[in-house]
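As structure tokens, one chain now follows by itself in the form predicted alone.
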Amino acid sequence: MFQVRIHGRGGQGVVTAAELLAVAAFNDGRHAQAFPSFGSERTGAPVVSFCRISEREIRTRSPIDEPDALVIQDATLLRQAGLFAGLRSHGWVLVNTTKTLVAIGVAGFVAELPENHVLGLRATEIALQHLGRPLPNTVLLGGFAALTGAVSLAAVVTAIEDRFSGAMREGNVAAATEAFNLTRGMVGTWATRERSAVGAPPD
């Protein structure tokens, strides 16, 4: 089972991101479930959602305490204690940022995770370009697909097309696709460069 925890703020489409990821997994012929963490969902407040992907029926319904992947839609949340709690030793981290690992305060985790499992993606910029709004969720899903291989880009695109219509559908598909292609080109360069910058040993 592949478990994903998505962190963001109210108004960034955190819950929608988990739902789209689950639909994408279904589109790929897998079992999946998505659900939010209950609490304040006012604009700007921290929000957490969860997604599980499996080859078998999923029976557990509890929150994800030991994620295989973290998607962080707002880098300011990195200041929160426990954001990385439970992340598995082989885990993946995708952060919406244009800054270095040192600047965003996650350099210490780079040495602990496998190479190419940590990536910063300029998701907000891509969203503004294609949607005219700072909604990074579908952008990060495209990046997530390329980084982890947990779902295919085709499945993500189909999920987006089923969810949105008109200009929003076209913009979100374009944003996710650009993020997928950008991430494929970055994997193996961004993380390696960042690990070197903080003196992390090679794998």
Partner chain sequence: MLRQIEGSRAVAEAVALCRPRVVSAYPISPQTHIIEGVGSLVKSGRLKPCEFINVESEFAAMSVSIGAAATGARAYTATSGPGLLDMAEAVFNASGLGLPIVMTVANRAVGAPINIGNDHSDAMALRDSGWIQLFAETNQHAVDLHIQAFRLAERLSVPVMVCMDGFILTHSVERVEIPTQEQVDRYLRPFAPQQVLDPAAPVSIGAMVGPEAFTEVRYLAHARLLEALVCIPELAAEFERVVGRPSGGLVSAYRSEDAETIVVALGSVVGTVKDVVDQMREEGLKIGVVAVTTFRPFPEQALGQALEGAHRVVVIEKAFAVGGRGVLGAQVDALVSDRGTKTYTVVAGLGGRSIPEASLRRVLGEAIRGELGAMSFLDLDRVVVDRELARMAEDPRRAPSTARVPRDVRENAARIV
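Fair warning: this is a prediction, and the values are worked out from it, not measured in the lab. Residue numbers count along the first chain shown, from 1.
There is another form of the same protein, the form predicted together with its partner chain; it is not shown, and what comes next is about it.
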property: Candidate stretches 166-174, 148-156, 25-33, 132-140, one within 4.5 Å of its partner chain in the predicted bound form by heavy atom; result: 25-33
property: Heavy atom of T43 within 4.5 Å of its partner chain in the predicted bound form; result: no
property: Any residue of 49-65 that, in the predicted bound form, places a heavy atom within 4.5 Å of its partner chain; result: R59, T60, R61, S62, P63
